[in-house]
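We begin with a single chain expressed as structure tokens, specifically the form predicted on its own.
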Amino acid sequence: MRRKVYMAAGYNTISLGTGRKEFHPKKPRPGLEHYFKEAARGTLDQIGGAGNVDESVVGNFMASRFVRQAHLNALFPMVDAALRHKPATRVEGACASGGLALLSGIRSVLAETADVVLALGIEVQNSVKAVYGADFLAMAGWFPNRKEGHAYFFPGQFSDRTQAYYDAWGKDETRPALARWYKNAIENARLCPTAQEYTNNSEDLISLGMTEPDAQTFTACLNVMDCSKVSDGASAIAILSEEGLKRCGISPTDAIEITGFGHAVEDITQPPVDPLELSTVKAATTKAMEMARITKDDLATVETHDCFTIAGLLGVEALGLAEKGKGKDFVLEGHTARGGKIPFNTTGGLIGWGHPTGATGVHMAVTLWEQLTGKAGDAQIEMPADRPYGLSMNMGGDDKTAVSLIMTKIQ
């Protein structure tokens, strides 16, 4: 890249929803402004305050429906009066909105229009009944297909992908890998205090993951353990130039460098060209690795968009860690577990940590920043000296928008 770009000062709120002791569906809960302010303030406090910020960006998918609030970029001055009259934008790309927020900040630093960007992702979704929420989330797909789709639209979409995987590679071989993905997600979430599944104390996670799906009440090929959470929460991080690091008084050891990014979109009006492949995620990830001039063998850890367990397997294959149809074997052999060859989703991913849709891409970046700088607490994994890179793969809709980022420790 023409200019060095860094990230630092990550912050996550809790991911609130079913599974958290604080959550009760019939009791009042924090609103959008609570999460916005907490996440933004959490980052600002680490960078010397709002006076150091040149511009801000928020990623959000559907606040206008879930909580009847649009125009979110104008919430930044609510956080701190020092953000009044400074540029701020809001970006949307369904579940990849957080990744797009990061990309917006990266491009501003590259363009030399900003040295410090406050990037935030947010979603509050536990505001409506599940079936209405499914209707809102269906807008991340081609909505004219909604009438012909499953009542739970995206679970139905990824159930169809799972069926295709079963047909091609065998259900008996695949279902245990989906259960193993679920087990890894929950075990990792138990190590992260902000994760939605942090207090999940189920003993036999494999048996839960192997629960036979019920097409009459949910989907034909996915059970509820296969699905990411309905979550409320926000994540924030600062994107900085070298001058920005100095301005904010941030030591290089507390920051990570962005060495590559990829962004790709696909025609939302059309079904997947191949249900056995996340081709848009693959395209974005390939671009990111080419820009960073690395290969998959240089990666120490990956944050992938496991909105459903099958997306986890397909993400492994999109990255090229396993051939088509072999992602299930790679997972079953333990390679994606926290002690495996390349740990995935070390704080639980979308299934374990939670999925506040607009926040997910930023949460991925915060997790990688924590891991690469040794700030992950109980969730910390060993970072090999010869593999100092982390990768995030953030997907919007059914593989229609994808943002991938490559990050590394500052040497």
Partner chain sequence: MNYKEKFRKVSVLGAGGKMGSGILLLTAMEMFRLARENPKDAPLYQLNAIDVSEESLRGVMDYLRGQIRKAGEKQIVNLRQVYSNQADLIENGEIIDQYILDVMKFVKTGTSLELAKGSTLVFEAVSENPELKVKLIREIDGDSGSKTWYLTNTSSIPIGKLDKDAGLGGRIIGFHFYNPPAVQRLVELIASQKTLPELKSFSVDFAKAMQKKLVPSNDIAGFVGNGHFMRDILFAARQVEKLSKDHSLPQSIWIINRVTQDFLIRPMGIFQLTDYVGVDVCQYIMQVMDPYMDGENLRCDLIDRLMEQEVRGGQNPDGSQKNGILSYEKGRITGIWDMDKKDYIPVDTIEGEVAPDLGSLPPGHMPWKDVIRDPDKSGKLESYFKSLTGEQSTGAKLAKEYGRNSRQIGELLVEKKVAASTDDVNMVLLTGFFHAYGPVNNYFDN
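Since this is a predicted model, take the numbers as computed values, not measurements. Positions refer to the first chain, counted from 1.
In what follows, reference is made to the form predicted in complex with its partner chain, a form of this protein that is not presented.
Check: Taking its partner chain in the model of the complex as the reference, which of Lys287, His150, Arg190, Arg107 has a non-hydrogen atom within 4.5 Å?
Finding: Residue within 4.5 Å of the partner: His150.
TODO: State the residue from Ala337, Met225, Leu321, Ala134 whose non-hydrogen atoms include one within 4.5 Å of its partner chain in the model of the complex.
DONE: Answer to the contact question: Ala134.
Its partner chain contact at Lys129 in the model of the complex, heavy atom, 4.5 Å:
Output for Lys129 is yes: heavy atoms within 4.5 Å of its partner chain.
Interface membership of Thr253, its partner chain in the model of the complex, 4.5 Å heavy atom rule: No - in the model of the complex, heavy atoms of Thr253 and its partner chain never come within 4.5 Å of each other.
Quiz item: Does Lys37 make contact with its partner chain in the model of the complex, using a 4.5 Å heavy atom cut-off?
Solution: Looking in the model of the complex, residue contacts with its partner chain do not include Lys37, since no heavy atom lies within 4.5 Å.
> Is Phe218 close enough to touch its partner chain in the model of the complex, meaning at least one heavy atom pair within 4.5 Å?
Replying inline: Answer yes; at least one heavy atom of Phe218 falls within 4.5 Å of its partner chain in the model of the complex.
Its partner chain isn't shown here, but in the model of the complex, which of 239-247, 142-150, 78-86, 278-286 has heavy atoms within 4.5 Å of it? Contact criterion met by 142-150 only.
Sequence-ordered list of residues in 51-85 near its partner chain in the model of the complex, where near means a heavy atom within 4.5 Å | Residue within 4.5 Å: Arg65 only.
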